[in-house]
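Let's start with one chain on its own, the form predicted alone, as structure tokens.
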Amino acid sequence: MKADLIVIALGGNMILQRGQKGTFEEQMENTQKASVVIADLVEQGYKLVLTSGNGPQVGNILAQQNYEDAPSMPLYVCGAMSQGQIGYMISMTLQNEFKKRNKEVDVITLSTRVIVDKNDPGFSNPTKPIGRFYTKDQADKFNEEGKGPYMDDAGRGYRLFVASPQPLEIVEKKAIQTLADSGMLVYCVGGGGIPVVKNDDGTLEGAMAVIDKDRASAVLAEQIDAGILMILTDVPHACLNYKKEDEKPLGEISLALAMQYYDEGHFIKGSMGPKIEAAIRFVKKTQGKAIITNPENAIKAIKGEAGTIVVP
């Protein structure tokens, strides 16, 4: 395990925030803010591998497929498109940020496939929300037209839900590890990776799904021997009794306690749940450390002074 190697999972909503139209300029501005934090961590001496969500981006790409004279692309190809889009924005903003600091760091975007089981029960039970938010009336209309399922997303509005199978293996893991070991900053496993299934003859085939980026990031961190998994989101820490009168923020907690709280149902399935699940998986498999916090507290969290930190 490499103590100086961190896998950082950026939430897709950090790049395109709720309420924004999703213009390129908005997304670049958001990515620029994230790049400052990432550059700060590099200057602390860490090697970084970045991943990100793509729920807003892939949903918009899907919506752009509805042109009569242009053939539409399947969901997994839209996922690949989003990797290139987000990777471009990350590469540009980070390289420019390093230039301001007179620091030479190569930023590489790697299109990444993730193997899932073709018999995964997730294919028959869509749980992953993607795309823009809609009202209940709009969602009902889409569902009646057979475009769904559109369902409530943690009380924030209605979104399209798609299959989210469990990630098993990062196809490009050796290349990612080699690039990171050489000192390059790698963006990979965008949107949880392009889901692929393995056929009986060993060939790979695209799968109609979107993999949860937190779960995929945990698998990636494990398979490249990272010492830390950091999940950056829009809240400073996970909480018990979230948004209730007795809400309690969680600081450093043991793996056993994290598992207990998760089993007790303290974390919303479509929101904090996958992040805690990913933290548990990574720490359990590697005896490393998992951090959940927002960008503003990333440096403090590395020092143990902020965020929710799951330790062995």
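Think of the rigid core as the biggest set of C-alphas that the two forms share within 1.5 Å after superposition. Sequential numbering from 1, following the sequence displayed. Predicted, not measured: the structure shown is a model, and the values here were computed from it.
What follows is about the form predicted together with a small molecule, which we do not show.
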Quick one: which of 181-189, 229-237, 145-153, 199-207 gets within 4.5 Å of the small molecule in the predicted complex, going by heavy atoms?
229-237
Even though the partner isn't displayed, in the predicted complex is Ile268 close enough to the small molecule, meaning a heavy atom within 4.5 Å?
yes
Using heavy atoms and a 4.5 Å limit, would one call Tyr242 a contact residue for the small molecule in the predicted complex?
yes
I'd like to check something about Pro295: if you look in the predicted complex, is any of its heavy atoms closer than or equal to 4.5 Å to a heavy atom of the small molecule?
no
Is there a non-hydrogen atom of Lys303 within 4.5 angstroms of a non-hydrogen atom of the small molecule in the predicted complex?
no
Exactly one of Val283, Met272, Val42, Leu62 comes within 4.5 Å of the small molecule in the predicted complex through a heavy atom, and that residue is Met272
Given a core-based superposition, decide whether the C-alpha of Arg215 shifts by 2 Å or more between this form and the one not shown.
no
Do you see a C-alpha shift of 2 Å or more at Lys128 between this form and the one not shown, with the core held fixed?
yes
